[in-house]
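There is one chain below, alone, in structure tokens, taken in the form predicted on its own.
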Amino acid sequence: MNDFLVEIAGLTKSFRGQTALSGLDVKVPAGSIFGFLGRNGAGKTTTIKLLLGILKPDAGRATIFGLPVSDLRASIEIRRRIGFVSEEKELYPYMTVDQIIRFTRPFFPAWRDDLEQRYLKLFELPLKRKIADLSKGMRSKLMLLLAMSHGAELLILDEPSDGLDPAAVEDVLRELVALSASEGVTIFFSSHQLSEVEQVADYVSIIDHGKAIVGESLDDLKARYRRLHIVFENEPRTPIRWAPGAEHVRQEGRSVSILASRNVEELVEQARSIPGASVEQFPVNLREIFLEHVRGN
């Protein structure tokens, strides 16, 4: 089997002359939890719609399970094997919770009754209540139940925790990790909640202006980056040419903050070679890496 369940290469899409994707490249390892990150308008939702076959690309290609998503027959097969939670959390408003579950179940021969019952209890979903009367958080839970119960090989989740309280968020994250670990389900999810992504993701991709600007293992990414805080005895009179690896440098008077992606020790030694300079190193979280990259880009 291919090591990558989802492969996106050179994907391009424009709307009325406005570019949404500009040569996007993303690879999602099979069995992983993959965080897909970017600012509003970066191209995340467009990418998801292209993967689902809702939109057609202008150029480039995307495959899921090795099948081309732009091919109609292949797209139908792909959608049988994936679960999807949309950002809008839209369902048939006139149905009850019980009715939408019974309506959905026959479409998926691999439907898991055990998971359905588990999530009904965990999410405390009221079977007799109409969907129109549910809160956004309850609709999020219901869509997660429908997506996670039908034996999907891939879950595509767009803001899956939207509307959930902190306790429910923890429940959902725990269940996603368990589903990936025990069933080998690949989870591709887009979220603005970076702390949630950092808590569960194996890999991340950060996109901006329709291009991937970061894409790798989250552990490797965090291990590679360091924040250096340097305080000089006197404010430098001329800008310092820092060694390669100083991704973003901010100076305020005698203080300099550097986000370093490599050559950390070389940068530390360079700073210490300046008379009177003190240097401290700090680990960097996903939020810092994200903000520095999208602002810098």
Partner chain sequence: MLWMKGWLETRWRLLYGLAIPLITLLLPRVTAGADSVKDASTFMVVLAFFGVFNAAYLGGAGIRTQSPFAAMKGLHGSTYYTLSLPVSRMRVISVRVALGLLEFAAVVAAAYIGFWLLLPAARGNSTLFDLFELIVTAVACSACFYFASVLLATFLDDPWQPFGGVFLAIVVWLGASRLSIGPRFNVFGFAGAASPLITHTIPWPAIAISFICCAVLFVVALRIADRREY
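This structure is a prediction, so every number in the text was calculated from the model and none was measured. Residue numbers count along the first chain shown, from 1.
Beyond what is shown, the protein has a form predicted in complex with its partner chain; the following relates to that form.
The partner is absent here, but in the predicted bound form a heavy atom of 80, alone among 129, 227, 80, 118, sits within 4.5 Å of its partner chain. Just one of 104, 193, 199, 217 comes within 4.5 Å of its partner chain in the predicted bound form, counting any heavy atom, and that one is 104. At a distance threshold of 4.5 angstroms between non-hydrogen atoms, residue 59 is out of contact with its partner chain in the predicted bound form.
Heavy atoms of residue 88 reach within 4.5 Å of its partner chain in the predicted bound form, making it an interface residue. Residue contact with its partner chain in the predicted bound form: residue 72 places a heavy atom within 4.5 Å of it. Among heavy atoms of residue 178, none comes within 4.5 Å of its partner chain in the predicted bound form. Contact with its partner chain, judged by heavy atoms within 4.5 Å in the predicted bound form, is confined among 50-58, 228-236, 23-31, 254-262 to 50-58. Along 242-269, not one residue places a heavy atom within 4.5 Å of its partner chain in the predicted bound form.
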